[in-house]
Every structure is written in C-alpha cells, then in structure tokens.
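Only one chain comes next, encoded as structure tokens, the form predicted alone.
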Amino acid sequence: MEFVIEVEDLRVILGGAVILNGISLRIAKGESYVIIGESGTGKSVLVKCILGLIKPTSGTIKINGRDLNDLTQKEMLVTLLRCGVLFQGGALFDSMNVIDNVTFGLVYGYGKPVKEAYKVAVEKLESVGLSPKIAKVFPAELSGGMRKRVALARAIATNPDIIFFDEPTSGLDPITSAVISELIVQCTKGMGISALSITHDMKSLRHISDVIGLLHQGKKIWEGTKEEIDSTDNPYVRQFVAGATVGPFTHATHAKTR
C-alpha cells in the first residue's frame, strides 16, 4: 500500500509541556483520515508539524516517502506546494476578491499566468457549486457557507496530492454543513486526493472519513473506521461520540491538555 503521509513516534514539547507524546499514523493514497478528540489535545499541533510550521521535538514525518527532516528549505517548499489547506473559518484574504483568493496558490506558488489561473479558478468554483458571477465579490459580502466553498475551491485549485481540513463545518448550520461535507467527499474522491481532517462534527465525521484517530492527552488512543466507531468497546470513543458528560473524559483530565 502506498502511503502519502507517515508519522512515526512524534513528540512535541512546548514550554515544558508535552503536547504530542508518541503519535504514529499512516494515510494511504486517496484515503480520508479524520482526527477527533477534546479541544486542546494536540490535534492542530499535529497538523502544523506535518505542514512544517512547528518543528517536532523527536520522531519522523514523511510526505510522499520523503522524510521532512532530510529536506532542504527549497525541497520542503516544493513538497508543501503539493498540499492544500482549508482553514477553520476559511481564512480568505479580505482585501482580495473571490477569484484572486482562489488563484493565490497558482499565481504566487506556481507562477502560473493570471489569465490561465483565472480559467482554473472558474472551473474550481463551479466544482463547488459557485457561479463565476461571484468572481469579483469580496469575502465580506459572502455567507459563511459560501466562504467555505470559496476556501475549498482555493484548496483544490492547485490539484494537490493532500488536503488538510481544519474544522471544515465549524460555525455552519446543519444543512450547509452537510453540503460542505458532501463537497469534500466529491472533491477528494473525485480527484483521488488524500485528506487529513480535524473535526468535532460527528455527522461530518461519518460522511467524510475512511479512518478515524482519537487523540487524548497527546496520544492516539484509538484508531478505526466509521463503522467500527459504533461497535467499539473503547470507553473514550463511546463517550466522545455520545457527547456524554460521564466517562473517562473528565474536567480534571481535560484541564491538563493543551
């Protein structure tokens, strides 16, 4: 099996606190891996390590078989250009209109001529259900759901090998959340893209995931499929999925995480 992301025994210590404590995971080509867990348990730090934004204390990260520790700065940039990111809230550039947001990576990352980049952007906007008529509209004029769609179009504009989704349905109503989840599946499966997502949305989790990993206090304490998440006897998984206040997750343990 071909793996696009391989994380082995990853440890991160920040300010004397252990944030990640021996995390290992693999994501196969075309697979959608979703990370769940309490707020502050290291999910975002894990993604930032994979993206090269945080240097881990120890452990290895490989993207498409290449160990990030062995890459030069230029090689790292080339590797990361094959990744797309949909940030929580969309993170669109307020001073840029829709078309310029979507073409940002193509123009400034790949050096594609603006006219060519615009053609690609129109295709990607249409693929997420948006009309080219909004090309000159600014983010502040869009609804939350439309901003997420534009952000998704930007994430797939460069035809990446991997996309990272950080709470892709956060702040959206249930219907819009379902639409975004379906678009994520269509884009990733339709383009053969591997995905690593963070979410607290259980409906979205069941829709977009192939494999799920549960983090707790910097450790991966369970991994399985969306089918297995309903049949597992793991008490942490059962409490998290049910959203129950009674179980191994307590306020005391939660207070110790970051």
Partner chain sequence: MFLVKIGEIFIAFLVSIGNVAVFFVKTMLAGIIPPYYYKQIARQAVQIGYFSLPIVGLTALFTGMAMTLQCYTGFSEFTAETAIPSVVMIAITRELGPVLTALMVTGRLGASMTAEIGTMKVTEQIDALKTLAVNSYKYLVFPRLLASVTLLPLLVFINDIVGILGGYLVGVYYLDFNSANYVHNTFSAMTSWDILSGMLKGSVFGFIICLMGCYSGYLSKEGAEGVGRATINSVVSSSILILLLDCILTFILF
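What you see is a predicted model; the values in this text were computed from it and never measured. Positions refer to the first chain, counted from 1.
The discussion below concerns the form predicted together with its partner chain, not included here.
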Would you check, heavy atoms only and a 4.5 Å threshold, whether L51 touches its partner chain in the model of the complex?
yes
Using the partner position in the model of the complex, report whether I162 sits within 4.5 Å of its partner chain, counting heavy atoms only.
no
So, in the model of the complex, is N97 in contact with its partner chain at a 4.5 angstroms heavy atom limit?
no
Check whether Q73 has any heavy atom within 4.5 Å of a heavy atom of its partner chain in the model of the complex, and answer yes or no.
yes
Scan C187, L172, A117, C83 and let me know which has any heavy atom within 4.5 Å of its partner chain in the model of the complex.
C83
Looking at heavy atoms inside 4.5 Å, which stretch does its partner chain contact in the model of the complex, given the options 123-131, 142-150, 176-184, 73-81?
73-81
Interface residues of 101-119 toward its partner chain, as seen in the model of the complex [heavy atoms, 4.5 Å]:
F104, G105, Y108, G109
